[in-house]
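Just one chain is shown here, as structure tokens, and it is the form predicted alone.
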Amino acid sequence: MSIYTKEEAQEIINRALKFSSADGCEINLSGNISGNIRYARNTVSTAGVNSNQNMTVQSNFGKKVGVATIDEFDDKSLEKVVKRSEELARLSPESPEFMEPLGPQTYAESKTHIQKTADITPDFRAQVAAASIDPAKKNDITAAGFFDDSSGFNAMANSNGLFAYNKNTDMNFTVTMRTNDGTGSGWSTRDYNDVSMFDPAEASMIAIDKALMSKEAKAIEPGKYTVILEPAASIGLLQNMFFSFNARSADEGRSFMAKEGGGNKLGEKIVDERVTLYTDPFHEKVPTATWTSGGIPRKKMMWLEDGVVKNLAYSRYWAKEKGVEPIPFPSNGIMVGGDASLEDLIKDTRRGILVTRLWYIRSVDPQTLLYTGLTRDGTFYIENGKIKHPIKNFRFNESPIIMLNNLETLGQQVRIDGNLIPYMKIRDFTFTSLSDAV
């Protein structure tokens, strides 16, 4: 059994805590059941179900900390793992940044668990694969995709009386469609907590259409172009920007958020005033757990508002050093969008490039958040409000900060990787060279 109820998880952890003789003890218990199906060359290649459970025990004597793990929860095993963590703690040097376990906290109920997702069967996964493979064959296209779903829980408690529990479900789907002549490629992805929101046929047809549209792409010169970025194209750059909302790395001069001469950019305007970005664990479309791995409660938090940095993340240690309240890292990224559809943005573009997604993104300069990478799986030239023809892929050099300062239009939001990101039209996006990859 891998999924425990709140009461079952608390009972197991409490039994383990009774074996503790350390100054402090923190226990994390988790379990997960996941299923998957993978297909390539229009044939299912693998499918399976995994079930795991794990307990992690952290004990401390003063600032000396030891950690041990186990996946059996009878009394003998629980005593063994607790005592092992204590042995390791006694052998360890003191941690200068150790923080005592938190006391009792109040957590709101999360919206991350949907029973229909937890009840997904092997037959359902097979139907997902068929919804990709069958239309691919009919269109002289080869499909390769992966669908996985999971149901799990996380619980934590400590010797200071804290207890937290969360159940969650999620599903992820990606598919690549290649034309059989090797000249066209399309791609699509979907992720949800609630599988009833997922239509595998719809997602697959988007990839098929892009594959057919991208056949026999033409080369155009690299340079600065107006681009329409689908959320799958912008999310990689934006997620790298999210990582910069770290107060400590900024205060120590190690990130884009570091201010010249010392300090950080809290309160400064860094991007276009139309850019507002926040996190909200209770959002209906992208819910998350309402507490962090350290037990800090999560709440709605503004990170960028009207282009201005409103908050930075503070660990408990760094918050103590700076005399402020801890602020956990974003659990999701929700960027405020507009009303324009992808079609509206295309119609409103005289000349530009539509980018399906970016990949192989790598850092060039952490201080300016400059990144490089490649377009992939459907890049198209737009002229007079219409897609004129497919174009060969580019390598790009771009910073999400420069990108968000060159914002022309915000479109509708789309869920991508647990975030809500709008379609965006950006001017002067920098493409540096051509790529022969399809």
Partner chain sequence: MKRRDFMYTAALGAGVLASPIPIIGRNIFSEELLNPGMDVATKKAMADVALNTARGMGATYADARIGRYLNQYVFTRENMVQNTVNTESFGIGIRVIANGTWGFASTNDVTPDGIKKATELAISVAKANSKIQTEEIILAPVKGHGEISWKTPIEMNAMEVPVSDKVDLLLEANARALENGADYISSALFLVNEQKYFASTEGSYIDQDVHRIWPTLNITAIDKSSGKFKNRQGLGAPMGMGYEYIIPDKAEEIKGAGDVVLYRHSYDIVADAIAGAKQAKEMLSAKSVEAGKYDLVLEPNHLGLTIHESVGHPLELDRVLGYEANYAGTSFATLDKWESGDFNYGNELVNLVADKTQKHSLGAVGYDDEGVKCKKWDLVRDGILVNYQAIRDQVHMIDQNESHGCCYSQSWNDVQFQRMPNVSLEPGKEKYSIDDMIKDVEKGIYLVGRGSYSIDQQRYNFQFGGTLTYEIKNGEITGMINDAAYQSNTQEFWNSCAKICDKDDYRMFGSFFDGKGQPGQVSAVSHGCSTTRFNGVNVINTGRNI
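Positions refer to the first chain, counted from 1. Every value quoted in this text rests on a predicted model; they were computed, and no experiment measured them.
The protein also exists as the form predicted in complex with its partner chain; that form is not presented, and the subsequent description refers to it.
Asker: Specify the contacting stretch among 151 to 159, 195 to 203, 95 to 103, 208 to 216, defined as having any heavy atom within 4.5 Å of its partner chain in the predicted bound form.
Answerer: Going through the listed ranges, the match is 95 to 103.
Asker: Tell me, yes or no, whether residue 38 is in contact with its partner chain in the predicted bound form, where a contact means a heavy atom of each within 4.5 Å.
Answerer: Contact with its partner chain, yes.
Asker: Does residue 79 make contact with its partner chain in the predicted bound form, using a 4.5 Å heavy atom cut-off?
Answerer: Residue-level check for residue 79: no, no contact with its partner chain.
Asker: Heavy atoms within 4.5 Å of its partner chain in the predicted bound form: does residue 281 have any?
Answerer: Answer no; every heavy atom of residue 281 is more than 4.5 Å from its partner chain in the predicted bound form.
Asker: Residue-level contact is defined here as any heavy atom of the residue lying within 4.5 Å of its partner chain in the predicted bound form; does residue 330 satisfy this criterion?
Answerer: Output for residue 330 is yes: heavy atoms within 4.5 Å of its partner chain.
Asker: Even though its partner chain is not shown here, does it sit in the predicted bound form so that 174, 364 and 438 each have a heavy atom within 4.5 Å?
Answerer: Spot residues vs its partner chain: full contact, yes.
Asker: Counting non-hydrogen atoms within 4.5 angstroms of its partner chain in the predicted bound form, say which of 307, 253, 338, 326 makes the cut.
Answerer: For this set of options, the contacting one is 253.
Asker: May I ask you to list the residues of 57 to 88 that have any heavy atom within 4.5 angstroms of its partner chain in the predicted bound form, in sequence order?
Answerer: The stretch touches the partner through 58, 67, 68, 69, 71, 84, 87, 88.
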